[in-house]
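In the form predicted alone, a lone chain appears below as structure tokens.
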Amino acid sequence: MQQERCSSSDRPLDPGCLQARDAERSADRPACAPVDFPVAVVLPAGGSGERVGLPTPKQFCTIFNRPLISYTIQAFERLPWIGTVVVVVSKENHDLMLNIVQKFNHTKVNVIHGGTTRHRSIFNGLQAFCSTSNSLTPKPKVVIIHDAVRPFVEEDLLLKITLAAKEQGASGAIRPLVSTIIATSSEGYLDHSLERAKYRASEMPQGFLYDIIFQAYQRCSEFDFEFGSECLHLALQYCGVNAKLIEGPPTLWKVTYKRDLAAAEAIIKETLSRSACIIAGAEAEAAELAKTLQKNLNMMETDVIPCAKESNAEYLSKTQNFIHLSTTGSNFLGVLEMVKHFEDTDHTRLYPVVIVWVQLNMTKQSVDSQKTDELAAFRSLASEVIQGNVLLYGIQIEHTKVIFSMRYHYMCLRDLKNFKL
């Protein structure tokens, strides 16, 4: 099956950095509470996406040439305390899902066939943990059920859902109602309305003790399998477990309509543009500029690391924006080494990498011929590596005079704090 492209971009994107560090941590985050028990995830992804109005199911629509479901999987895979992600798909999409797993290196995923309804698919996903012969799906203590088309779930909420499920047996995310709920008469007139303040919208993720939710599905009726929509209600009705409800953030929204794909793309763009890795030399000037950049750049995540090669590997593999600081006595060999690393590791296959080389000249001497040759070589390199999905820019800072050189564009240093990569 061919994936329908729902984005104009031709560059695949790695979502690993999307939730690498939350911009704001809530004061009541249960970070000190360890998750010392096995946790797994079930992602039902067998829907046809009729409301999106596209020939491809929405979970397989692409944003920056990466399927939406891959972003959702990565939101769970990035957490070391989550062991297995069971993705439940229709039989006709099984091979497509396996290709996605392989292409985007999803290491915790087990793909199984779904059922004819959402509840049957979830039950199939839960039954995958009953197979003692499959080491990929060991039985968890807590299982999280989530929608494949809700990619922006945060670790804070997942921790709260998981710990509440362990203590209470079941837990679920909720959000305030946006619209008033009304009931209509058989003739199509207003019958009555509900007091909105008393009600909440049930969202995903939802967490359960595995034995509780599995038992609930074993006991539920054919009517539940065919027409039911609420997993928390099954736990209450068939196991007597009343779920702990936890209010979630606005990012829990679900990609339902075609316009939601554009909204998801905008969120991903904004998130990617607000993280950077600053590589600074040992010189005092470079270290000082690195601190200033880290303080003033308007980004969610900014790491500062030394130029030592052994310190860079982890950051080179997870970051998409780099600022490489060097002094007068250095050249751009460090930048060349970075570019070679990206080529060797095929890092740029997943998303475009931006490198900004900042060269400090703290003397009053004019730029000599060697520096002029180096600048020409840098420009040539920038023209070459763009073909490999690396965007290379250069900035020269000479004494009190500031030259911003971004290929053929210039700006003042005072704009640096507002500069988004």
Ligand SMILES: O=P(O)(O)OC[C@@H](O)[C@@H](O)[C@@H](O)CO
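Note that residue numbering follows the sequence shown and begins at 1. In this text the structure is predicted, and so the values were computed from the model without any measurement.
Keep in mind that the form predicted in complex with the ligand is not shown, yet the notes after this line are about it.
Want to guess which of 261 to 269, 224 to 232, 238 to 246, 332 to 340 is within 4.5 Å of the ligand in the predicted complex, heavy atoms only?
Result for this chain: 224 to 232.
Within 4.5 Å of the ligand in the predicted complex, do 118, 147 and 254 each have at least one heavy atom?
All three within 4.5 Å in the predicted complex.
Please check if residue 296 has a heavy atom lying within 4.5 Å of any heavy atom of the ligand in the predicted complex.
It does not: once the ligand is placed as it appears in the predicted complex, residue 296 has no heavy atom within 4.5 Å of it.
With the partner left out of view, is residue 206 within 4.5 angstroms of the ligand in the predicted complex by any non-hydrogen atom?
Within the cut-off, so yes.
Tell me, yes or no, whether residue 202 is in contact with the ligand in the predicted complex, where a contact means a heavy atom of each within 4.5 Å.
Yes.
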